[in-house]
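We begin with a single chain expressed as structure tokens, specifically the form predicted alone.
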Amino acid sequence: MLTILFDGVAYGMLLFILACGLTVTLGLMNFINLAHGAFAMTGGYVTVVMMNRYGISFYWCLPAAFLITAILGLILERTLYQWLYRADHLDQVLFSIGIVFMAVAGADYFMGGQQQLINLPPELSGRMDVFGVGIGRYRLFTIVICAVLALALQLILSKTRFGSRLRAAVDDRRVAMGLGINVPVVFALTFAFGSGLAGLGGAMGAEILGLEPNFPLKFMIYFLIVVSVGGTSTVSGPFLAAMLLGVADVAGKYYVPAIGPFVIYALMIIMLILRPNGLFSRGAGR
């Protein structure tokens, strides 16, 4: 039981890191970026190429995946995304879905359609016993890294000047620019940061979730579930939602494998009925 709980928490942590960039772009920037999974896939493939072709350490691949996907996100934001900030949501959805299909086709062409594998460092492989509970070393590593990132993200958005400028830019763009805030730069850096987090999540998730060209389509629904259940007004909402969904998904597939994949959707429906605006939204509930 405790092992399942631990694996579920690790899975939930990973879901949060993968989805938190979407939380930022959707909740703070009011942009529906369904191509978020494509950035995660990019981070995963960066790790695969660096490790399998060039023999670079896994520990160096993680920051490299963050930086490369952040730079890619910055380039795409400046050349494509910025022109759709004021477009309606349907245009944003169609545009980002187009990016997804292009990414899937590109990954299949350059990397092939097979599942990609990575060899973790020996110290992260296998399991260890803690008070009689079998704990995967890599899952423990994932929990620690993702917890630190979640705390850092919360502090950045709520306690720093950059977070204040971002909220001001979202609330009233014209007033923010009148106060001297460079709104395009704030949005570009925010989008790049969210893309980098997705890439980092994709790099860390390559071993747990697997990696192949359909990754953005396969996990898009999971990202949307985390954001819809957790809400977009806070970071803590999606974090708790990811934990609940991760544990429910792992436990469901273990205890009721026949209907395991449907457990997460049942939980989503229940949570949206009880808290339709998000777990910590002030307007949630009835």
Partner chain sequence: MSVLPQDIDMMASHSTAAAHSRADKLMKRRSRIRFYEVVIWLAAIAAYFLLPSKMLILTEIAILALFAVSLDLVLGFAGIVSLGHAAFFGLGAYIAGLVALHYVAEPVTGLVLAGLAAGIFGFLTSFLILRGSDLTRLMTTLGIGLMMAELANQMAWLTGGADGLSGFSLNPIFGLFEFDLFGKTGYVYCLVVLFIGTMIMRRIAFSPFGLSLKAIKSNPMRAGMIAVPARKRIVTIYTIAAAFAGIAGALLAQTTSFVSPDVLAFHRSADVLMVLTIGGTGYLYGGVFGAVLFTLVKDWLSVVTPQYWMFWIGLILVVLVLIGRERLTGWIGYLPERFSKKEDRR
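Residue numbers count along the first chain shown, from 1. For clarity, every value in this text was computed on a predicted model and none was experimentally measured.
The next section is about a form of this same protein that is not shown, the form predicted in complex with its partner chain.
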property: Touches its partner chain in the predicted complex: Asp88 (any heavy atom, 4.5 Å); result: yes
property: Partner contact for Met102 in the predicted complex: its partner chain, 4.5 angstroms, heavy atom; result: yes
property: Contact test in the predicted complex: Gly98 vs its partner chain, heavy atoms, 4.5 Å; result: yes
property: Pro63 within 4.5 Å of its partner chain in the predicted complex, heavy atoms; result: no
property: Heavy atom within 4.5 Å of its partner chain in the predicted complex - the one residue of Val235, Ile225, Ala35, Ala70 that qualifies; result: Ile225
property: In the predicted complex, the residue from Val175, Ile156, Ala147, Leu80 that sits within 4.5 Å of its partner chain by heavy atoms; result: Leu80
property: Among 157 to 165, 179 to 187, 107 to 115, 193 to 201, the region lying within 4.5 Å of its partner chain in the predicted complex by heavy atom distance; result: 107 to 115
property: Non-hydrogen atom within 4.5 Å of its partner chain in the predicted complex for each of Phe262, Ala266 and Ile273; result: yes
property: Members of 193 to 225 lying within 4.5 angstroms of its partner chain, judged by heavy atom, in the predicted complex; result: Leu217, Met220, Ile221, Leu224, Ile225
